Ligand code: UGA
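This document starts with one chain, in the form predicted alone, laid out as structure tokens.
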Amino acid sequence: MPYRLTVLGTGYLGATHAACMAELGFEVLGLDVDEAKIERLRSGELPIHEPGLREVLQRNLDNGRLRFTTSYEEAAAFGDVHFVCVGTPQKKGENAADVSYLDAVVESLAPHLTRECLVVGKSTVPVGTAQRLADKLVRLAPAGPQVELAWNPEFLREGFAVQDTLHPNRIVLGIGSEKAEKILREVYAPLGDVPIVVTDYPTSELVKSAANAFLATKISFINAMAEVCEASHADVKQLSLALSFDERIGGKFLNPGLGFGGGCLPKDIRAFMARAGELGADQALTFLREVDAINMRRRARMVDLARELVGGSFQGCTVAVLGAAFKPNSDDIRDSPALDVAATIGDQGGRVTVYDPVALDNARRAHPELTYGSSALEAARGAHVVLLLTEWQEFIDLDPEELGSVVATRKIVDGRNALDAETWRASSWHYRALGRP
């Protein structure tokens, strides 16, 4: 009989994992303590924007393989394998990760675990968390040592989460027994021939932290080069292109611009530094402080560039901001560079109007002091400068003449190096971009 799965936590990661595991043929029960969220999921509504996920969710609700509950007792009785998919946000006022949601799930689930089962953590955690939770499970569960823990980090990219779940480039299993490995190999067998790395708890925990630290470093490296290019009147886009042909470096994540945001990279590199300090290995990761600092400096530089274009002050100026999500194909505004820039300009006296194809509702809740437009053209109407801050295809495809017909002055700052500079200049736009002459 195939395993029955539960997914504990139905946010971005959990909703995706639950729907996709049902798509693979498993019976899946998703759990969340937020009753309103569970009702929305039961009716086929998602709490997030993720391309392709709504169709997968609805299909598996319709065929009965996917259900949702708020009851830990029901989840414990139903599941053979329990995936824990709750968030580990940054602690307020600290760099460290807040793992209290993980502890809450374990403490709520364990008292109902009366038979043999496997609990699988997928959240990004400080190294050492898995062993602590494994011990807690055995201590709190009536089934005791029959309840095992495994750690199976997620590697989802927002905007590609369904693809990354159903067609992963690798699976990492941090396990404590051959039996746990056997179960997870069977669970993931429907995915086909995927590289599987079987390791211990600490290594599996470090894989995600190390991957995010490397990606953040690569992004900040090219943005540091953008700073040098601006000082020397060089072109960082051409520099990046030349570097990309070196197979030791490659072109992925070598895109100069406004830098990274979202719910993963910023908080994960800070948590990684904090945990290294607790372990006495803080010197190993001091470079991440500069990675973080470079990233934040790009936001300040974008504000400076915009201010330069409007004559040195935002007072009395109308500024159009294209983009609110931290990246395209997402409605995630957590630590969004675009909204950070928009809010800063607003604080400095600019009249800011923001437009984003899907993230406007979230942006309004977070920044009610800003004005919002229903389209790029509406946001740009009467603007003294336009800022492209999230590289939605809709913005890349904008007609410079059409946009030029509604603005007060044809000035644009391309915060993502996404536009063709010559095309815009040919339409009499004053075009500027981070790291370019």
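Quick note: we count residues from 1 along the sequence shown, nothing fancier. This one's a predicted model, so the numbers in the text were calculated from it and none came from an experiment.
One more form of this protein should be noted, the form predicted in complex with this ligand, which is absent from this view; the next part is about it.
Asker: Using a 4.5 Å heavy atom cut-off, which stretch among 323-331, 78-86, 283-291, 342-350 contacts this ligand in the predicted bound form?
Answerer: So the stretch in question is 323-331.
Asker: With a 4.5 Å heavy atom cut-off, would you call residue 273 a contact of this ligand in the predicted bound form?
Answerer: Heavy-atom contact with this ligand at 4.5 Å: absent for residue 273.
Asker: Taking heavy atoms only, is residue 205 within 4.5 angstroms of this ligand in the predicted bound form?
Answerer: The answer is no: residue 205 has no heavy atom within 4.5 Å of this ligand.
Asker: Is residue 314 part of the interface with this ligand in the predicted bound form - any heavy atom within 4.5 Å?
Answerer: Contact with this ligand, no.
Asker: Would you check, heavy atoms only and a 4.5 Å threshold, whether residue 167 touches this ligand in the predicted bound form?
Answerer: Result no; residue 167 lies far from this ligand in the predicted bound form.
Asker: Would you check whether this ligand, in the predicted bound form, lies within 4.5 angstroms of a non-hydrogen atom from each of 228, 235 and 301?
Answerer: Checking in the predicted bound form: none of 228, 235 and 301 is within 4.5 Å of this ligand.
Asker: Name the residue from 221, 155, 101, 188 that puts a heavy atom within 4.5 Å of this ligand in the predicted bound form.
Answerer: Of the candidates 221, 155, 101, 188, 155 is the one lying within 4.5 Å of this ligand in the predicted bound form.
Asker: Could you check which residue among 143, 309, 215, 196 gets a heavy atom within 4.5 Å of this ligand in the predicted bound form?
Answerer: Spelling it out, the residue with a heavy atom inside the cut-off is 215.
Asker: Can you list, in sequence order, the residues from 254-268 that come within 4.5 Å of this ligand in the predicted bound form, counting heavy atoms only?
Answerer: 254, 255, 259, 260, 261, 264, 265, 268, in sequence order.
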